[in-house]
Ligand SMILES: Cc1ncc(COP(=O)(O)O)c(C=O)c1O
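In structure tokens, one chain follows: the form predicted on its own.
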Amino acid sequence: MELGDDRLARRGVRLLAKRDDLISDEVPGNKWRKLKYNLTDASARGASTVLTFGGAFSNHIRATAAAGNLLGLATIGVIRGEERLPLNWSLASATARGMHLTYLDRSTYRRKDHPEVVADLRRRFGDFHLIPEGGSNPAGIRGCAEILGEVDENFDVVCCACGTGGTLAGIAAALRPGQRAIGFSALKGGRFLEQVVVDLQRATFGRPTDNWRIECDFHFGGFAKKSPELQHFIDDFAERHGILLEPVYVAKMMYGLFDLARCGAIRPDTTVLAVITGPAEGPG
């Protein structure tokens, strides 16, 4: 869909939106994209349980719980940090959909991919199909690469938010010649994501592409941080376009897109596709 906005029109920039946030109420946006082939792989190997990782407010944790509930799979969520009771709304939502929660202290969590940590989880929980934090592995990247196949209009640049790099890795691999992708890090110090995207593309497609970059100046203080300026942008965007931008990832991407157009980093006569990967969520 096209979003007419005078702020961009004055700069000669046309804005299209890919509403992946509307895929599903339970498993929206890039969460479904990343889980699609991970769960297909789990079923193919006959797994009855999937285990994954995330923080206490992780969209990925909630989406995995919901998808497992829909497909009849048992789910285990390994949560960063100590257990806090009562559960917050996010973890309560996951448990309501049947997910079993366990916790790793932050030091151990940083080593969650190490064989000895995974082996200990297998000793505790038996056999399971492991999905990495955020679902960013070759199976998840293959799912994200399908996003652009659903876009009929021509565009020059595609923008998406970056948390674990998987969505950008998949989207960039699906671009046509001459098109480019910009990822907007939701994390402070997100430059490390450049190597993550390279590694994900190499693992999935055999080689990285050179048609993308990551903007690291629009994190607004760090992951899940939000300033009055960002909130004003969210409110104004909702009033103009009837879309409430999710604040952790999507709003920062959209703000960055507008700022790049304002300063000329996105050139006039450019058509930009913004991938809205998730809905605004919260308690109630």
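Start at 1 and count along the sequence shown; that's the residue number. Computed from a predicted model, the values in this text were never measured in an experiment.
Absent from the display: the form predicted together with this ligand. The rest refers to it.
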item: This ligand in the model of the complex: contacted by all of K18, K252 and Y255, heavy atom 4.5 Å; value: no
item: Listed residue (G143, P208, G163, G77) with a non-hydrogen atom within 4.5 angstroms of this ligand in the model of the complex; value: G163
item: Segment assignment from 242 to 250, 39 to 47, 66 to 74, 225 to 233: heavy atom within 4.5 Å of this ligand in the model of the complex; value: 242 to 250
item: In the model of the complex, K34 touching this ligand (heavy atom, 4.5 Å); value: yes
item: In the model of the complex, residues of 57 to 75 near this ligand [heavy atom within 4.5 Å]; value: N59
